[in-house]
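Shown here is one chain on its own, the form predicted on its own, set out as structure tokens.
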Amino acid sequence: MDVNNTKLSLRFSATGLVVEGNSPAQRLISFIDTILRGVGQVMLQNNSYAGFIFLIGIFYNSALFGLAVLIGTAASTATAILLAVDRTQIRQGLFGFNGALVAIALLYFLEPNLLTWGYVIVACSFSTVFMAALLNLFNIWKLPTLTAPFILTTLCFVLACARFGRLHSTNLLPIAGLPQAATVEGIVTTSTVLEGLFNGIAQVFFQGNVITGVIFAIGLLVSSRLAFLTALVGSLTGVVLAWGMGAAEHAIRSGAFGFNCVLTAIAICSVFFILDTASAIYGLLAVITTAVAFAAISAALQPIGMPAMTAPFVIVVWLFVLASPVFPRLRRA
């Protein structure tokens, strides 16, 4: 589809809008499309349609979090533009998705007020610098940065609040203390599994809402059928493994063991490797490892009262990507 006049020239591609020209209106439309791609890249999708659907899912659950994602993505993307980052990387949303996650995490853990919003914008802008630094560093090993800038930026800015008396916690952070032995709590039912399946997808954006998870799944389907299928398999694997290992029912239902598995499954089986028997087995092993890593990292961070966030996904994918050259059966995408 083409729309052409003296002021505006754009066309719709399979992944979003293609804007031709440099008028103020065209730059604005291009920026909006870039923001939506940044939202889509949270689930490794360079697709503004998927990003728009993800936004619908977030706003369905919370207008506050929806606004946080928009502002966070815009702040980190605008910083990249002002610093003249490579235009292709910006247009793919690569300098937006960490800002989206930083904003939603800080608004999840901190009481929203004017000072907090200013703090969020600074943090999101910093995530762009962190992203650039890691891109430069990891280029040596051809390693993706993934959501590492989000994790480290959020850890820094949340921990700093212990010394900033005007920033107040929402009391949603884990309770600091030494890890205690887990006990099997609750009875896992079909409802637990189904809710855990879609909450696992929703929790990628810190959203604990089944309908939001379904909307996210639709967004993945619009972008890539393979990403859609691997996300479902990843979330279900996290649910089943947590159930089998005796995790608490409420943790399984909430999707806590699923969201990192969702990202790992998408990354290994639909982004970094060509899907075949070898990569499917490799991906399944990575997803199982991610669920175990989530339990381990959650326990390790409990003494400082910080959540694992997407650290299990990042660490596992880094390890599996770094190991792949040794395994000749694996074909890089």
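No experiment lies behind these values; they were computed from the predicted model shown. The first residue of the sequence shown is number 1, and the count goes up from there.
Just so it is clear, the following notes concern the form predicted together with another copy of the chain, a form of the same protein that is not shown.
Non-hydrogen atom contact residue 117 with another copy of the chain in the predicted bound form at 4.5 angstroms: No, residue 117 stays farther than 4.5 Å from another copy of the chain in the predicted bound form.
Any non-hydrogen atom of residue 53 within 4.5 angstroms of another copy of the chain in the predicted bound form: No, residue 53 is distant from the partner.
is_contact(residue 109, another copy of the chain) in the predicted bound form, heavy atom dist at most 4.5 Å: Taking the distances in the predicted bound form, the answer for residue 109 is no, it never comes within 4.5 Å of another copy of the chain.
Residue 193, heavy atom within 4.5 angstroms of another copy of the chain in the predicted bound form: Judged by the heavy-atom cut-off of 4.5 Å, residue 193 is well away from another copy of the chain in the predicted bound form.
Check all three, 157, 161 and 319, heavy atom within 4.5 Å of another copy of the chain in the predicted bound form: Judged in the predicted bound form, 157, 161 and 319 all sit within 4.5 Å of another copy of the chain.
Partner-contacting position among 71, 146, 247, 210 - heavy atom within 4.5 Å of another copy of the chain in the predicted bound form: Looking at 71, 146, 247, 210 one by one, just 247 meets the 4.5 Å heavy-atom criterion.
Option touching another copy of the chain, based on a heavy atom within 4.5 Å in the predicted bound form, out of 214, 85, 222, 229: None of the other options qualify; the answer is 85.
Residue stretch of 23-31, 43-51, 289-297, 60-68 approaching another copy of the chain in the predicted bound form, non-hydrogen atom distance within 4.5 Å: In the other structure, the partner sits against 289-297.
Residues from 299-329 in contact with another copy of the chain (non-hydrogen atom within 4.5 Å) in the predicted bound form: Read in sequence order, the residues that approach another copy of the chain (within 4.5 Å, in the predicted bound form) are 299, 300, 302, 303, 304, 319, 320, 322, 323, 325, 326, 327, 328, 329.
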